[in-house]
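Next comes just one chain, in structure tokens: the form predicted on its own.
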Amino acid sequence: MPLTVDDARMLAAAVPSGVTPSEWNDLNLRFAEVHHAVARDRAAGRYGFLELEAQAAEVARIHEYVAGCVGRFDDVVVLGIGGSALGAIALRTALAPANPAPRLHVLDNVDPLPMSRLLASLDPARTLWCVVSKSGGTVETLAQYAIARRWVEQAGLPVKWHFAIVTDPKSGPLRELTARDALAAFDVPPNVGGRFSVLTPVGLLPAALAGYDVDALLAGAKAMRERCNAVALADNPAGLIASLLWRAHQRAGQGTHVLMPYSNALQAIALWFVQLWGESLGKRDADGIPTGPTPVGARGATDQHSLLQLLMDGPTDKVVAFVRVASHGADLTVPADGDVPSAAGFMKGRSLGELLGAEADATARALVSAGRPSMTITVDRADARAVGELMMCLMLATVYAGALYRVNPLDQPGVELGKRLAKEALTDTR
């Protein structure tokens, strides 16, 4: 079953702030303009994350490299931060088997305690380090790399067999290292930024090393990309998500956008979405006015016991996008003759999957009864193809939303100042 978007609870027939029929017509017209603008920029090569076929040779190199690593490593460690890590974390959370071999770790911060503990638990001879930085100059990643390299050297091991680099194809400090030390290296396309890079070697190399089906991941992404060639909102899932969330913000004051998967496997996609949506859209618009929504990641049913009260009775500035899976791939049933307290007696003979689905439905119904809008994104299951569909859908939605908000979704000027100030604070000027 392909990904679907149920927008019924975003309409005026369901909630007071919802889309009216006349607004729906306006949104379709506006989106047609946005779709044309994005298609024009795509043809000019601006959106490299859509150019999946152009990566065929690099994907083949990944498969060849991974084949040579089979049986050599018990642990693969990704060193990266932001877009160089969140995609790998999302893929690991969604796709890792119960007993992964090798195990995939992602060190996405320079907190010294987690790295110290991980180093203490690893066998240097059985560990591969993936160093990921588009620019090759990310200070956090380079610091981690220096520590990991010394650890490998102190174990008397050849560095070239224990490091793989993912970086710019031509320039940057990491590219210089690969040439100097003959390290395995994989290219991030120049026209793909970090938060849009999960379907490049940034995400594909760690995923392939961990044994995930990257070909199915890319197939799902390609299928979604083709669906989003449609100009009509009803036929374009990414356009529908972008247009409804933009409209909710601009016309109903609902600028807090909550992505809430009802699936542990998909929970890290919500964290990946927070960077994607926030860093891409939180900008000054074409008139220099600060704009952009505030993304929030949540998880059902867990966050029914933390955020739902706020969503129900707090400020009316939020929209919830639920993410559901049609099949969880496994289920457990409460014994019909088991020791079930009377308060949960209705669950006898019912499965946990049924309970999770009922809670998702009930939460959406509760929100609409309070006049709060929501939409539901449904994928077939949390497998590689569906995850590829979902991630491509959200990346395209971000690009469409950038055009609607009139911002450049590909840059991050507000982040660069913080990086520069941190570097200045650590530079010895004595």
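This one's a predicted model, so the numbers in the text were calculated from it and none came from an experiment. Residue positions are given as counts along the sequence shown, with the first one as 1.
There is also a form predicted in complex with another copy of the chain; it is not shown, and the following applies to it.
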With heavy atoms only and a cut-off of 4.5 Å, decide whether A326 touches another copy of the chain in the predicted bound form.
no
Another copy of the chain contact in the predicted bound form: P173, any heavy atom under 4.5 Å:
yes
Verify the contact flag for N191: yes if a non-hydrogen atom of it lies within 4.5 Å of a non-hydrogen atom of another copy of the chain in the predicted bound form, no if not.
no
Can you check whether K222 is within 4.5 Å of another copy of the chain in the predicted bound form, heavy atom basis?
no
Option touching another copy of the chain, based on a heavy atom within 4.5 Å in the predicted bound form, out of V231, A358, L122, A216
A358
Residue (of R227, R247, K318, H162) lying close to another copy of the chain in the predicted bound form, criterion heavy atoms within 4.5 Å
K318
Stretch in contact, per heavy atom within 4.5 angstroms of another copy of the chain in the predicted bound form, of 236 to 244, 198 to 206, 77 to 85, 122 to 130
77 to 85
Under the 4.5 Å heavy atom criterion, name the residues of 149 to 169 that approach another copy of the chain in the predicted bound form, in sequence order.
R149, R150
